[in-house]
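One chain comes next, on its own, written out as structure tokens in the form predicted on its own.
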């Protein structure tokens, strides 16, 4: 009651209202005008290597000019492919209610820059999982809900996005709801997603796997060896339910020409996954590396020196182009983050948060322009 009496007294003092109105008008007059962002004229990527790609991180980038600037810089570096994450929870916050505003913005700018978008789908909304569960947890009873989202996504972006990845790294517990991983269950999810995607667009290309390279021993609660996981997928009948295998290929401390071995994580480990595809009659299907590359953190035990990272990255693009005819694209992790992580993760990027290019950006750009090849010529 006392508070009400105080407010009543204040309301009877007109000078307070006049002051408040004057303040609002002043704020409105001096506030910065919103940045007008337009698509601009359509662009085209110029490169000597059409398999070059990067994984962008625009999911949580709010400002449109930053989205446009990121994709401009990808194009100017000479990479025609990008992988981008489109979280299910962001775009279907309630069952059957879809919001594509941010995704539309990203896709329109990417296409205008002449880029090909590979869409990574995952991240379970709260309504499709138990309370207190992780965003990567999806009960089998909700697999059809994910299938409905896949249908809606592919239908909405028909003619604009031609590649989708079903889930991310399902062979590690972190990405499978902190449960023991289950290649048979993932294959059942893949079958539903593939069917719904093809119902929406018969021309869509479905990427399976996106497996994390790991040497996890049998029975490890935190993950399953990626080679074993792919074999189990085939045994569960995955063969007829994907068009392209998505692979993650990190080099850690090894150079890109280091030979593959089942007991080693290196860049050419992808060749072992390829061999499993061949053994299962899938030699005709391509692979896209949707994550990979090297890190140049000064103290991380799995990092290399910055000059090595540059050399290894360019060599990896050359391998994809000249030695792996079955590799459709190599998308290096990661182009730029919306904010600094203040961890070793920042040392995967090509461009700083404020868009300052790192030396690797300029050297890869020179490679894409053919300038490095010209320097080697007599």
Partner chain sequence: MLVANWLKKNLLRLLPLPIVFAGIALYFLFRGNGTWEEILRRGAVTVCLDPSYPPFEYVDETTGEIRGFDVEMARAIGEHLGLRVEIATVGFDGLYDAVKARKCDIAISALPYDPLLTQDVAFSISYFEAGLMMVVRENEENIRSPDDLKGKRVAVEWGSTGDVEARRLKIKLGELEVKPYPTVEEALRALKEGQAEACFADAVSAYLFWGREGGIKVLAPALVSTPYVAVVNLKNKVLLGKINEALFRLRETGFLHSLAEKYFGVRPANLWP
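Only a predicted model underlies this, so the values are computations on that prediction, with no experimental measurement involved. Residue numbers count along the first chain shown, from 1.
A second form of this protein, the form predicted in complex with the partner chain, is not displayed here; the remarks below concern that form.
Trainee: If contact means a heavy atom within 4.5 Å, which one of 62 to 70, 321 to 329, 46 to 54, 341 to 349 is the stretch that engages the partner chain in the model of the complex?
Mentor: Flagged stretch: 341 to 349.
Trainee: Out of 94, 305, 195, 179, which one falls within 4.5 Å of the partner chain in the model of the complex, going by heavy atoms?
Mentor: Only one listed residue qualifies here, and that residue is 305.
Trainee: Going by heavy atom distances of 4.5 angstroms or less, which of 188, 297, 232, 264 would be at the interface with the partner chain in the model of the complex?
Mentor: Answer to the contact question: 297.
Trainee: Although the partner chain is absent from this view, report whether residue 359 comes within 4.5 Å of it in the model of the complex, heavy atoms only.
Mentor: Flag for residue 359 set to yes.
Trainee: Does the partner chain come within 4.5 Å of any heavy atom of residue 310 in the model of the complex?
Mentor: Yes, residue 310 sits close enough to the partner chain in the model of the complex that at least one of its heavy atoms falls within 4.5 Å.
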